[in-house]
Ligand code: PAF
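Read the single chain below, which is given as structure tokens and is the form predicted alone.
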Amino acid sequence: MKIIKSIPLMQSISNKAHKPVGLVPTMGSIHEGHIKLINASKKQNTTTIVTLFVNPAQFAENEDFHTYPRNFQKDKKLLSDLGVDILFAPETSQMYPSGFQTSVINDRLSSVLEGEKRPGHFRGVSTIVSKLLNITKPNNAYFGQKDFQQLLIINKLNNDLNHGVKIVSIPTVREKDGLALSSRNIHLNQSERKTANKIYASLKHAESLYLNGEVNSDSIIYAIQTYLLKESLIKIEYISIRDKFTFEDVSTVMPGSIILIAVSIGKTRLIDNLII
């Protein structure tokens, strides 16, 4: 596995890489969710590039940038063992050199839910993803469905800015009890971790209501709230039901609707979703 830290060198290698090229962007702390993305890339491409960059631009001042899990040596060995061809791990000064002042902004999709709760977050995500696509020139790029709003925004920037990359979405990978895999799960203590499985359980509860005939969005959201508020450790940030294509609010739940949820458990913020 080649380890590249220089943008010009990465661009040069990308231009010469055996096609097709698959890209898996990560912020490190590699877990089974990342591994599923990597394995999909390896199956579908001749060359697989994994990027490892904890992007400061997508963290607000009060968020967990400085405590975000980092273990480069462990990640490097794991990625090598997985058969990744290239690890691109630039320094912040490479990605955001002195004088950097350009951002990629999606006004509409970034204005609600995660965008509203985390001002500037999607500007940082869109900018870094656009840069990574330009630097690595992949044919295919792989993202998980857990960050569904992010996935929609990345699809839109790819199309709107003519990157010409196929964006491949991979279903959320979960623990046995349903908790969606996240690098932040490491911050949960034992009681918080036990409580965290209620997030997915609340989504499955909502799905069962739908399958039994309930289609009113407000009723289903209320049922999720009631389910979660039984847990004193859970603080609900939002529950929303939207069309998975347009991302508009829906009043009547139907196939193609998606339930999105964000909660805090202790100091750890977790998101999840379920597509009807």
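Just count from 1 along the sequence shown to find any residue number. Since the structure is predicted, the reported quantities are computational estimates derived from the model, not experimental observations.
The following text describes the form predicted together with this ligand, which does not appear among the structures shown.
Note that among 167 to 175, 143 to 151, 79 to 87, 192 to 200, the stretch whose heavy atoms approach this ligand to within 4.5 Å in the predicted complex is 143 to 151. Taking the partner from elsewhere, I224 is found to have every heavy atom lying beyond 4.5 Å of this ligand in the predicted complex.
Within 4.5 Å of some heavy atom of this ligand in the predicted complex lies at least one heavy atom of V129. Shown alone here, T26 lies within 4.5 Å of this ligand in the predicted complex, counting heavy atoms only.
Shown alone here, N55 lies within 4.5 Å of this ligand in the predicted complex, counting heavy atoms only.
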